[in-house]
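Take a look at this single chain in C-alpha cells; it is the form predicted on its own.
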Amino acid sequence: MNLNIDHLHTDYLNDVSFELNNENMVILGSNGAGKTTLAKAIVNLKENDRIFCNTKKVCEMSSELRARLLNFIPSKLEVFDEYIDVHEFLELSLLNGTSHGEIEKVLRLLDIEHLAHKSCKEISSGESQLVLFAGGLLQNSELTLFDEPTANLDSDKKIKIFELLKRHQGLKLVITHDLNLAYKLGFRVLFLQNGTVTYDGSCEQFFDSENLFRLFGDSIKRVDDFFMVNYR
C-alpha cells in the first residue's frame, strides 16, 4: 500500500506531508500536537482532499473501498445503542473476509471472552480499549490506525497489545504518548509539535540521545532501554 499525505492543512495541522510505502509507523507528540486530527484526516473523518491511497484521493473513494483500505480505531469507545453488547458491537467490524467465528478467537486472544454478552455501557475503560482493539483486528483493513491502544491498560495487557501489534499481519499506524511502546515497536517515527512535523525517520535515530534532547530538552531520561520523565 502507498499512502501519501500532500501538504495537509487543518485547524490543528500545518503543511503536513509524508509518504508510507508498505511500512508501519508510530506518531508521537504532546497533547494538542495534532496526532488524532491527522489520523482522522487520513481516513477522511476530517474531510480534506490531500490524502491519497494507492494514488486515489481518499475523499473520493466509496465507503466500501475506504473500509477495505483504512480503519481508524479511536481511543475511546462510544456507542449510541445503550443495549448493544460486546459481541454485537464486534459483529459490526466483520469486514474484508472475516467471519462470526473469528469474534470468539479474538476475544480469547485478548482474554476477554467473559465480556462477550456484557453491555458496552457497563464495561470499564480498560476493557473498552481491548474491545476497540479487537474490532480493529476483525475489520482486517490493509492499514489500521490505532489511537492510544494501550491507554487505561495495566502492564500485562499492555504487553499483550504490544505483542499483537508486532505480530498482526496488516499495516499499522500507532498513535501513542508512550515512548517505551514506540521504542519497543521499532516502527518508523513521525513526531508532531504544534501541528508541524519536526521528525520523520527511523526509530533508532529518533531515540538517539542528541535527537531526544533536541525534542524534549532534559525532561526525558533514558535508563538502559527505558524512558522516563526526568523530574527536577
Partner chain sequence: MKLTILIGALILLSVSAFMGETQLDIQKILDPDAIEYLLFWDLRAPRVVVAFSSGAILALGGLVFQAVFRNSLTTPFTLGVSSGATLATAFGIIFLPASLVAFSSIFSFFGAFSTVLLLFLFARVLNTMQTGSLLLIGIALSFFYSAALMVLYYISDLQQSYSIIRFTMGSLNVVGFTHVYAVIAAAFLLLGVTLRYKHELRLILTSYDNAFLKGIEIKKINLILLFFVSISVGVSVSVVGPIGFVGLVIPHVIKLIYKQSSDKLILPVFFYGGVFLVLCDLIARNLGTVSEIPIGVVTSFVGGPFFIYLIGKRKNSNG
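Residue numbers count along the first chain shown, from 1. Just so it is clear, the structure is predicted and the values come from calculations on it, not from any experiment.
This next part talks about the form predicted in complex with its partner chain, which is not shown.
The stretch that touches its partner chain in the predicted bound form, counting heavy atoms within 4.5 Å, is 58 to 66, out of 58 to 66, 163 to 171, 197 to 205, 177 to 185. Proximity to its partner chain in the predicted bound form, defined as a heavy atom within 4.5 Å, holds among Thr144, Ser93, Ser128, Thr150 only for Ser93. Taking Ile123, Leu109, Ala116, Ile84 one by one, only a single residue has any non-hydrogen atom within 4.5 Å of its partner chain in the predicted bound form, and it is Ile84. By the criterion of a heavy atom within 4.5 Å, Asp49 is excluded from the residues contacting its partner chain in the predicted bound form. Contact check for Glu102: no non-hydrogen atom falls within 4.5 Å of its partner chain in the predicted bound form. Remark: Asn44 counts among the residues lining its partner chain in the predicted bound form, judged by a heavy atom distance of 4.5 Å or less.
In the predicted bound form, Asp156 stays away from its partner chain, with no heavy atom inside 4.5 Å.
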